[in-house]
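Only one chain is given next, in structure tokens, and it is the form predicted on its own.
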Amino acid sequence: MEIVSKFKNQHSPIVDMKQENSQHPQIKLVFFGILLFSFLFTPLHAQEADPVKGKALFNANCAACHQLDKKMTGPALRYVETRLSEDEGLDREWLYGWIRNSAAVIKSGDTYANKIYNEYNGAAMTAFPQLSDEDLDNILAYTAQDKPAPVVAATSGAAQVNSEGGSGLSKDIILGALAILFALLALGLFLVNKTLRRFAAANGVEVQEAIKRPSLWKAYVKNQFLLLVTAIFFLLSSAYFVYGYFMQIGIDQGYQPIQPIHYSHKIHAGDNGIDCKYCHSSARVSKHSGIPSLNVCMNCHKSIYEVAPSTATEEYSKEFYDAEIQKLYDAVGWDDEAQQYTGKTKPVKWVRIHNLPDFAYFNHSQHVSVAGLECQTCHGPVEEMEIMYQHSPLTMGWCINCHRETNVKVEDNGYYEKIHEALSKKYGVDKLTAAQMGGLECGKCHY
């Protein structure tokens, strides 16, 4: 009894808190505020996620297989969290687990994980265990953004109106005004002449006609020396122009054909910095540079189905470039919606631009791999060409001048070690041109 009484007499903290809370109602409000804050904290934190950082993370980790509004190797991801929550009852924690280790979620027997895995033909998603909760929140914030409205290129549209209507109309107006002005001037002169003659006739003034002078043509025909000089002049001029005409046969400098699929070297080699030898890989090891297979194009264009709006110009709109990509898909038989090949292909009849005569031998690998020449040396600034054209004349004289003027890069080039040593002693020079190494021998190019 004594122990029980002592225990009763001791102050219990829980009893004291209850008694204190009953005596002070404001404490209840404090506890309620704490609970309310803890309840709202998570949504507030989610709202603080940064979609700008999320976009950078998305492009670095997800963009190879996913787009926001288009199905690719994986599904479209715009509003992915909302869709999974409403349709499948899955929360953000499920997304955390799926992104960090999708294989483990599939292996656990998760219904939706296996469904999406089978829907995409068993394509395994890359695991991203390195992404923190904050990173994933930022990515989800980026995917939760509304799709921006299409931007109308006002400047290009105005330029198009000016080029089609405004500019042409102003030129027509100017030319028409000048024609009317000259017509009025001629009419004025005619009327002035007629009026002066009328006044002269009324006043009895006789108008004298122009005095006829001896014919220059008759004087020229009678002068045999002038006839001889003129004949020699015309013969020499004719020979010069005929020679120039025949020397231009087979020279297609400036040739710029329209290809069946528009390919912009400016975008690919210039803006995107793609190495020429990525597409024309045979230039390193073969006589010909080769036309790249369309499968090389599809290495990138499986994922790049449209161009960036900033790529469009006044002459070539975004819709034009997107339509050309669709031509590529039709040629290789690629179904962009299903993300698979259909097997229905259409050969592309490319138009050859650079074409040497059959009796002239040229080896790309000798110039690209051995001599170390850049593609621009012969083909010009391809990184600036919207439509590819023949930059150089590719004549015999042009090649010979290059061989005479170009020093061969022999440093750290084992191909030339012994040759360079022997020829340096022969010519007494440190640098050797292609001509000094036999680049002017007829058999080098003609066989």
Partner chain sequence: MISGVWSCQDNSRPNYQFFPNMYEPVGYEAYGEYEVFPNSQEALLPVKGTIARGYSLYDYDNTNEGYDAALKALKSPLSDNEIDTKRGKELYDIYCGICHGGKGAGQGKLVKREKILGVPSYADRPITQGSIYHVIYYGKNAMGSYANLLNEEERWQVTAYVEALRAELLK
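Rigid core: the largest C-alpha set superposing within 1.5 Å between the two forms. Not measured: the values here are computed from a predicted model. Positions refer to the first chain, counted from 1.
Here the subject shifts to the form predicted together with its partner chain, a form of this protein not shown in this document.
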{"property": "Per-stretch contact check against its partner chain in the predicted complex, the hit in 266-274, 221-229, 187-195, 132-140 (non-hydrogen atom, 4.5 angstroms)", "result": "266-274"}
{"property": "The unique member of S102, Q256, Q376, Q326 whose heavy atoms fall within 4.5 Å of its partner chain in the predicted complex", "result": "Q256"}
{"property": "Listed residue (D252, D110, E81, D336) with a non-hydrogen atom within 4.5 angstroms of its partner chain in the predicted complex", "result": "D252"}
{"property": "Contact test in the predicted complex: G122 vs its partner chain, heavy atoms, 4.5 Å", "result": "yes"}
{"property": "F359 within 4.5 Å of its partner chain in the predicted complex, heavy atoms", "result": "yes"}
{"property": "Partner proximity in the predicted complex: A64 to its partner chain, non-hydrogen atom cutoff 4.5 Å", "result": "yes"}
{"property": "Contact flag, H288 vs its partner chain in the predicted complex, heavy atom cut 4.5 Å", "result": "yes"}
{"property": "Within 4.5 Å of its partner chain in the predicted complex, all of N413, M437 and H446 (non-hydrogen atom)", "result": "no"}
{"property": "Any residue of 317-343 that, in the predicted complex, places a heavy atom within 4.5 Å of its partner chain", "result": "none"}
{"property": "Large Cα shift (2 Å or above) at L131 between this form and the one not shown, core-fitted", "result": "yes"}
{"property": "Large Cα move at W334 between this form and the one not shown, threshold 2 Å, rigid core", "result": "no"}
